[in-house]
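In structure tokens, one chain follows: the form predicted alone.
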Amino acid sequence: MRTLDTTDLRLLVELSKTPDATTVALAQALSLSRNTVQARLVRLTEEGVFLPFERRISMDALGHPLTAFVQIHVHQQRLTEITAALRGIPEVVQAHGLTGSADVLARVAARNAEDLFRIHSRILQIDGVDRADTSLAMTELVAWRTVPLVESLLGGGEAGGKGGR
């Protein structure tokens, strides 16, 4: 993936503020031509800059208000099969391979404590899983965000002062 330029970064900040804005509205807000904005949006989409829409769906709205993080200790030789089995558990919404004492960190969405127990048990039943340690998220202290990082790439301030057409 190529490095994003100032215009790309400004466009990302504006989209974060108004994700449903039209191309014309984005062009006006950024003082760019509509064609420039449209071309940038197409390129950013093709390059995979935008995450899938499903990342915006609230687990609470789906009736799964509990978030837990499961540190899974596995036999490394079975990682491919274990990953496939984790994909087969709908409540496992994300999983990462790790360095450190655990091998996999899975983010799990659950309806309640009993549901979390069921999901944890299902993870433990996967061949090649040695142990799973579950931590319940009490509250989200810092929500998913990228705008502060994007703004820091623009020079630390509000996106807007720099050109880059």
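Bear in mind that the values here come from a model prediction, so they are computed numbers and not experimental data. All residue numbers are counted from 1 along the displayed sequence.
Unshown form predicted together with a further copy of the same chain; subsequent notes refer to it.
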Check whether residue 69 has any heavy atom within 4.5 Å of a heavy atom of a further copy of the same chain in the model of the complex, and answer yes or no. yes
Proximity of residue 87 to a further copy of the same chain in the model of the complex, heavy atoms at 4.5 Å: yes
Applying a 4.5 Å heavy atom distance criterion, does residue 43 contact a further copy of the same chain in the model of the complex? no
Wondering, does residue 50 line up within 4.5 Å of a further copy of the same chain in the model of the complex on heavy atoms? yes
a further copy of the same chain: the contacting residue among 98, 39, 124, 113 in the model of the complex [heavy atom, 4.5 Å]: 98
Going through 13-33 from first to last, which residues have a non-hydrogen atom within 4.5 Å of a further copy of the same chain in the model of the complex? 15, 16, 19
